[in-house]
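The chain below stands alone, shown as structure tokens; this is the form predicted on its own.
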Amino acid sequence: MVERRRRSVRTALVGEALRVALAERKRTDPGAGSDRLDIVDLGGGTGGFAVPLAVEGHRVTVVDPSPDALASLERRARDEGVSELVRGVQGDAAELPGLAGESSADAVLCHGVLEVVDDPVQALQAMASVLREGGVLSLLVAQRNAVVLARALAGHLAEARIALQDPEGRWGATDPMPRRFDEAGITGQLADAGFVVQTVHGVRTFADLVPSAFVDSEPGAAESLAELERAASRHPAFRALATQLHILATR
């Protein structure tokens, strides 16, 4: 229940911002053609973002290393009646230009992937090569600051201190995330890869901290939490504490 609520908050905020960016892409680029855009979802798995975008009429290529996830994607697309708009390809970030094609996409989604790739710089360069001029990158990454706060609140003060001082974004062998980012570091890497950052949102600023018992039992609490998350998502002070950062950038 708790993890489902967290995913719901993430999906809602990221989805809203992404759809605004896609609408702007269609409005400002006559070359984008009709309302149907070409989208690549790197690490898109079972199609949590890809299938709804296909339902809206976009062509989506999902590149993912898991054959099981791609099989679930195929079933999901078939159930929604959009099989002709969704293509699953097995592969990873390093293979992206060859799998998706250079300058082939109006948008690339990379949600929760940059933390686990072998080389984030190479992955960002690969995404840039796949995008057409003016194309949109939707990037969602885990933020290091959130680990410091979470570990401190849990009473693991030594781990919190290590996380605070660790420039590589890890606080120990028990961290399930191979890599974490801060806003300055990831926006710098994007600039080096040729991207221009348009917006930065904090995602799950409060959802991981508010007691689940309260949200699940208090009438209207889940909706109030979602509204609070939305209001705080662009506030710099709160964004710095968010579990994830959602960045929209153009090439």
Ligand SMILES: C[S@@+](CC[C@H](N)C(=O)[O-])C[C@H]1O[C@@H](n2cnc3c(N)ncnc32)[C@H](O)[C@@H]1O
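Note that residue numbering begins at 1 and tracks the sequence as displayed. Because the structure is predicted, anything quoted here is derived from the model rather than measured.
Not on display, but discussed next: the form predicted together with the named molecule.
Between the named molecule and the residues A163, V141, A100, A93, the one pair within 4.5 Å by heavy atoms in the model of the complex involves A93. This chain appears without its partner; in the model of the complex, the one residue of A128, L85, V117, A150 with a heavy atom within 4.5 Å of the named molecule is V117. Annotated contact segment (heavy atom within 4.5 Å of the named molecule in the model of the complex): 106-114, selected among 77-85, 106-114, 151-159, 129-137. Within this chain, G202 is remote from the site of the named molecule in the model of the complex, having no heavy atom within 4.5 Å. Proximity of S212 to the named molecule in the model of the complex falls outside the 4.5 Å heavy atom cutoff. Of the heavy atoms in Q198, none are within 4.5 Å of the named molecule in the model of the complex. Interface membership of G188, defined by any non-hydrogen atom within 4.5 Å of the named molecule in the model of the complex, is ruled out.
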